[in-house]
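Encoded as structure tokens, the following chain is the form predicted on its own, with no partner shown.
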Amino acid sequence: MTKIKLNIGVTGLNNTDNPGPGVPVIRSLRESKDLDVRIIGLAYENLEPGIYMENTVDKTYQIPYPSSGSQAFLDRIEYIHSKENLNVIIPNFDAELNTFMLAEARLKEIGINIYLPTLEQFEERSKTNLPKFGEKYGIKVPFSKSITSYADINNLRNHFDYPLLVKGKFYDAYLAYNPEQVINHFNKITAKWGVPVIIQEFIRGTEVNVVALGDGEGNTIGAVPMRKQYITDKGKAWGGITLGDEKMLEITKKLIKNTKWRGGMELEMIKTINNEYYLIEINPRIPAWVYLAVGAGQNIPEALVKLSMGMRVEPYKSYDIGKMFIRYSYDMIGDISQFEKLSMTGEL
């Protein structure tokens, strides 16, 4: 069968100790039996490892952060499109999703497809709205409260017991055992992501996650649960194993059905010793450990691309239980000329 040729832009090439999903997404697409992909890396920083890894990107363009203004951001995307004739872009950072969602119609007009949640879905599951989200959809969620100042920290003792979690609105989560630690974490988070900062009740148990894909009509195209086997000091999975957990799959499929979720998602949950499940976060895009799902038999990035192109995609019916992933660091050798070219021209 002849493969379908597509030019696909991918962000999130920062394959470091706080990895983005870009590199595993690209690996997944390169293993597709139906798609012949040319990968265009979209990099925010010129030292993102995915830029320089062999057999990863075919070409890289540097793009401005969305915070520099949506017009400058989209002008750069349109310039890249004029050179590369992009069919699909897969955004992989929470902080860029809002810009892409608002520009979806504009991108569609020039021939670029994206497959993301709606703005309503994106806002409804945000960390600040998660308690209401859980109440609406019948999912247990730890008590949480948004704070914006030091004065709010002094009032936490009226609502929380220690330890508690301190979270940024996009990324980062820290465990705090006293008010002084809350202040330290608050300062670190606001310096990077601004306010609000979310304070969340700490639930004791095992962290379990699900990567899933919804078709926007209530159907689950794919879903693979896993348990983190090794967690870094940034809270990122450095190893994990797929689980045969029917309850997690039931929660995921029910959620996708009720919300009519469109696109990739990651559910982060805590399973208590009493076998209760608490939803602590919903990431509205493909997670960095997605390649485990591919290894278990569900190529979710491939299915997402097909959906974005309007192709019919049959839901995955099974996956391999007990598949494991382990990350590792690897020293690449490059040349300063590569770095200089990207820095000076914005292309490599």
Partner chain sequence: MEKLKYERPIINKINAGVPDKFGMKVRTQIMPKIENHSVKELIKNYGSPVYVISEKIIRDTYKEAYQAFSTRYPKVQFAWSYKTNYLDAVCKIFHDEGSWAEVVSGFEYNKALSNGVSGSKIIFNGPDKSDDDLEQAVLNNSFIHIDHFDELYSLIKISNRLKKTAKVAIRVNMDAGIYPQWDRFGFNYENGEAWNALNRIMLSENLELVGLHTHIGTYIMTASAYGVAAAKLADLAVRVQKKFNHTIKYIDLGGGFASKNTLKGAYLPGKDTCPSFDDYAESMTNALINSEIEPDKLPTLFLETGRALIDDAGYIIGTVLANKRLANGRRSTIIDVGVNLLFTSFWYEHDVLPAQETSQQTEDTTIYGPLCMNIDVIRAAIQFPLLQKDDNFVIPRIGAYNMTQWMQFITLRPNIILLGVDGNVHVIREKETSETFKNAEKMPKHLDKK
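Positions refer to the first chain, counted from 1. From a predicted model like this one, the values you see are computed outputs, not experimental measurements.
What comes next is about the form predicted together with its partner chain, which is not displayed.
In summary, the region of this chain contacting its partner chain in the model of the complex, judged by heavy atoms within 4.5 Å and restricted to 238-246, 179-187, 70-78, 222-230, corresponds to 70-78. For Ala191, a non-hydrogen atom is located within 4.5 Å of its partner chain in the model of the complex, even though that partner is not displayed.
In the model of the complex, at least one heavy atom of Pro66 sits within 4.5 Å of a heavy atom of its partner chain.
Its partner chain is not shown here, and in the model of the complex it never comes within 4.5 Å of any heavy atom of Met311. In the model of the complex, its partner chain sits within 4.5 Å of a heavy atom of Leu47. Checking Pro196, Gly216, Pro142, Gly134 for any heavy atom within 4.5 Å of its partner chain in the model of the complex turns up a single hit: Pro196. The contact with its partner chain in the model of the complex, taken as any heavy atom within 4.5 Å, belongs to Gln62 out of Thr56, Ser32, Gln62, Asn283. Interface residues of 72-99, taken as those with a heavy atom within 4.5 Å of its partner chain in the model of the complex (partner not displayed): Ala72, Arg76, Phe93, Ala95, Asn98, Thr99, in sequence order.
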